[in-house]
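Before any questions on binding or motion, here is one chain by itself as structure tokens, the form predicted alone.
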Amino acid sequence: MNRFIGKRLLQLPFSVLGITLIVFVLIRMTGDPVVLYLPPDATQEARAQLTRQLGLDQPLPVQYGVFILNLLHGDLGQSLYYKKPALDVVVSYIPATLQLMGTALIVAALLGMVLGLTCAFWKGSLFDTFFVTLSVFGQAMPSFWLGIMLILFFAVNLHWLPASGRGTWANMVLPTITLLMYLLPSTLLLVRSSAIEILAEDFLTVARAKGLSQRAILLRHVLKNALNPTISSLGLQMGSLMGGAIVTETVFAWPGLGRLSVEAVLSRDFSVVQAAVVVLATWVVLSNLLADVANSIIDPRLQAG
């Protein structure tokens, strides 16, 4: 197990560095931040001074090298907008995103397991047809459109729930549903297809012949075998989930890391964008690592891979 985890951890820095390099180049192609942080009538000398202060007068390879050296020392730069360390800004927004994503992920996993197993057991029934159809529509539905529709119906028309902000449990309902509909369909369909394959296996026919109850078959055999692809899928979806969280946080003005990243890109706050990317990339890679570890615990044969 230690060797298995060690191999995965060795891959982590290369994945993070690759992502930071791509974002580093792209964010600098969006324009010069000096234009945003100086008044239109600023002198050429003032512009040149701020450019030197930010290190933007150096070639891109030199700028990236400085960024990597600072990263190794835990320094991700100073935010131009917030006037404090970029990492501190990013860390302060993490709890809100964890609250939203964690709730949606847990609910999606539990509901996906229960509904997927039930649909597989009652394959071809009205129950199965309804949830499969709903899942297909859910996968095709854009998050921003669903969020706006939920706001119009529950917040504007019915006045049941708040449309934005973070505070009470009521503020979480609409953004959680929006993010949940991003995750649940794929989880439900994956569990269903895995369970249908397992239910057709010969060893389950033997188990039924021995008098094992359907509940025992589902819990002991079908659920255990369906866990591996489901956990792997949820781990791989962390990147996509973060993309959904960015849209959801923007629509509902949820003060999380996704919304901060969008605002930082629009304001060309390079340091905050880079810090957010490092945190998010590490987050996604560690999520995949945890999914691999969980799968290896369920099925020790995977540790040999």
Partner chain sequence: MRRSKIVSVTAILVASLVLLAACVPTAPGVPATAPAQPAPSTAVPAQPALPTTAPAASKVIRIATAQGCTTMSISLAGGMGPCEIQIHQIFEPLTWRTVDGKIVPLLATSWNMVDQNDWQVKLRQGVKFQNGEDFNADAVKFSYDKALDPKNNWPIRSNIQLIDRVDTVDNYTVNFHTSKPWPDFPFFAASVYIMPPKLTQQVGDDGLIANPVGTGPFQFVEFVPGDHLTLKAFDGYWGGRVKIDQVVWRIIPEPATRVASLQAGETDIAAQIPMDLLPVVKGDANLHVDFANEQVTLQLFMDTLPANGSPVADKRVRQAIDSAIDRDTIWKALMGGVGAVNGQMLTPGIFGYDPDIKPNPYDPDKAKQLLAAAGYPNGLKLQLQCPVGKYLVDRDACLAIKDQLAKVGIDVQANIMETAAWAPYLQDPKKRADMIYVGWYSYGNPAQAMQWFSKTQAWHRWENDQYDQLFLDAKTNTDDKARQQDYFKMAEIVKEEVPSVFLMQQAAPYGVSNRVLNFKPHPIQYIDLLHVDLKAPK
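Small disclaimer: the values here were computed from a predicted structure and weren't measured. Numbering follows the first chain given and starts at 1.
What comes next is about the form predicted in complex with its partner chain, which does not appear here.
message = At 4.5 Å between heavy atoms, is Tyr37 in contact with its partner chain in the model of the complex?
response = Answer yes; at least one heavy atom of Tyr37 falls within 4.5 Å of its partner chain in the model of the complex.
query = Contact between Thr168 and its partner chain in the model of the complex at 4.5 Å, heavy atoms?
reply = Yes, contact at 4.5 Å.
message = I'd like to know if Ala195 sits close to its partner chain in the model of the complex, meaning any non-hydrogen atom pair within 4.5 angstroms.
response = Ala195 lies outside the contact set for its partner chain.
request  = Classify Ala46 as contacting or not contacting its partner chain in the model of the complex by the rule of any non-hydrogen atom within 4.5 angstroms, answering yes or no.
outcome  = Contact with its partner chain, yes.
ask   = Want to guess which of 117 to 125, 131 to 139, 182 to 190, 102 to 110 is within 4.5 Å of its partner chain in the model of the complex, heavy atoms only?
value = Result for this chain: 102 to 110.
query = Mind checking whether each of Leu234, Thr282 and Val285 has a heavy atom within 4.5 Å of its partner chain in the model of the complex?
reply = Heavy-atom distance to its partner chain in the model of the complex: none of the three under 4.5 Å.
In the model of the complex, the residue from Ala163, Val173, Ala207, Leu223 that sits within 4.5 Å of its partner chain by heavy atoms = Of Ala163, Val173, Ala207, Leu223, the residue with a heavy atom within 4.5 Å of its partner chain in the model of the complex is Ala163.
task = Scan 53 to 70 and write down, in order along the chain, each residue with a heavy atom lying within 4.5 Å of its partner chain in the model of the complex.
result = Sequence-ordered list has one entry, Gln53.
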